[in-house]
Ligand SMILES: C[S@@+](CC[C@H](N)C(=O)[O-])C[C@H]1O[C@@H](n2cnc3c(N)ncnc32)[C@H](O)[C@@H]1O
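A lone chain, given as structure tokens: the form predicted alone.
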């Protein structure tokens, strides 16, 4: 995404001084096709709210932007998106679900008001918050968010023990706060989905992590391969397939046995065996600072040595990320082309 962007959305001007480096034209494009998309997530818009966090996860994909201390997304951006989406929904188009992400969205005091406006003025049916759930130890905040219309929570859950959680998040308080927050979400009747990044720290214990997710009552489990984007300096969290795949498959077996739906991202399809259908590298439309979009476009290349002969590559499977290949090679002997069904 180029840093040069349109300053209108659905024909409505947005003062460039208030845009704060956010590219609105991708929302304009997505509004045209959202209702008729080929993927269930095509009716979802993600908006990054802020670039601050109360954790410091060792693999955070926006750590660079957090270090830059970028300003929060101006409320004028949200208002423009809400107006545009409401107009599009009135014409049978637009987005049905809004995901508000951070860094950490719950650090924003007016978050309940933003949520209420999304389902009121914005025409969204569902609001999902992406969060580490630490601030949700405040039962009053959970009740305010639920009353405002945030009924889905995509909770970062990266470790099955307090000790490992503290290593990953670099916080000795995150484990207790997250678990208390999840208790409050369940008590309030929220839908809780887990968000796990598979990295060098947690890959060996993924089966235990699946048992933890089940014990915490998550209704969906999402497991992502860690991607080292550009020069973020997080190479030590990369993990070879030989280490990550066996415990990942064991974790998926456990989730299946418990009846918990699972989604896997950024693993080669040929490595997933009977769980291959769980692979889903599709990403909803995201509205985030141009600084991140530019960095992502410069470091988000995938390939596979079997690309020309594999029926899955480019059609659900992305192969290996360039950062992985730089660290461990192309895995030519391990990967195998998928044949046409």
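Positions refer to the first chain, counted from 1. Source: prediction; values computed, not measured.
Although it is not shown, the form predicted together with the ligand is what the next lines describe.
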### Query
Taking heavy atoms only, is residue 209 within 4.5 angstroms of the ligand in the predicted bound form?
no
### Message
Taking the ligand as it sits in the predicted bound form, is residue 181 near enough to touch it, meaning that at least one heavy atom pair lies within 4.5 angstroms?
### Response
no
### Task
Examine residue 103 and determine whether its closest non-hydrogen atom to the ligand in the predicted bound form is within 4.5 angstroms.
yes
### Query
At the 4.5 Å heavy atom threshold, is residue 302 in contact with the ligand in the predicted bound form?
no
### Message
Please identify, from 152-160, 113-121, 267-275, 77-85, the stretch that has a heavy atom within 4.5 Å of the ligand in the predicted bound form.
### Response
152-160
## Note on the structure
The one option of 61, 310, 279, 287 with any heavy atom within 4.5 Å of the ligand in the predicted bound form is 61
### Task
Let me know which residues along 181-197 have a heavy atom within 4.5 Å of the ligand in the predicted bound form, or say none if there are none.
195, 197
